[in-house]
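This document opens with one chain alone, in structure tokens, the form predicted alone.
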Amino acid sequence: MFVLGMRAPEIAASVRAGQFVNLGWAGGPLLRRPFSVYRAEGDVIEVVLKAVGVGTAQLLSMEPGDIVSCLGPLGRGFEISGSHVALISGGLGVAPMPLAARDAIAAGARVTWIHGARTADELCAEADGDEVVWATDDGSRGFHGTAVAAAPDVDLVLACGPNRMLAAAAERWPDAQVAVETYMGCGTGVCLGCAVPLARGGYDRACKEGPVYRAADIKWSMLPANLHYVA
């Protein structure tokens, strides 16, 4: 995983944990690419990414001073409350968590961050909080099992990762807030490419009504289990 920083003072000043930006650049794909804001400090925002497709490979080949069109902050972010907050992230789901930790600590909450991956080599090294718990599917570091299984019961759960992980979080904590990963073209609710099936029936647009939802409000059986946005 890599971190890409951009000077975007208006976004840095107003972005909330769980919101995202849509990026476009000269010579890039036709549709913009969505990324959760990883950190925001001063005039700079950061996103975290892996080279999983043509678009992300192009972003990672950029040099200091290159220009990116950055639309944001977009979407509905996390609502922080309670005295003890658990951040549960899997793989690239680490993306919105540094801002969530910042906002929770600013609200006076104790933060426990549980980060999981398949192996120790795939864990993010930058997890922060009052307590950090590592979880690996193969047991190579920390808890042997999933991040959801490793998490304590707390006042508020914020989660981001593959849909299978979020569905498991919904079973344990129906009121958890989950940041859903899905395909987003426009980021403004026009293209309808980011439809999220709802438990009550019908669909929402992840880019407008989400990407953060109450876990039990999503019909997880209609979403692919391991979806990560491939840019």
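All of these numbers come straight from a predicted model, not from anything done at the bench. Start at 1 and count along the sequence shown; that's the residue number.
Beyond what is shown, the protein has a form predicted in complex with a small molecule; the following relates to that form.
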If contact means any heavy atom within 4.5 Å, which of 89-97, 143-151, 114-122, 130-138 contacts the small molecule in the predicted bound form? 89-97
Can you pick the one in 174, 202, 53, 42 that has a heavy atom within 4.5 Å of the small molecule in the predicted bound form? 53
So, residue 198 and the small molecule: in the predicted bound form, are they within 4.5 Å at any heavy atom pair? no
4.5 Å heavy atom contact, residue 163 to the small molecule in the predicted bound form: no
Check residue 20 for me: does it contact the small molecule in the predicted bound form (non-hydrogen atoms, 4.5 angstroms)? yes
How about residue 70: is it within 4.5 Å of the small molecule in the predicted bound form, going by heavy atoms? no
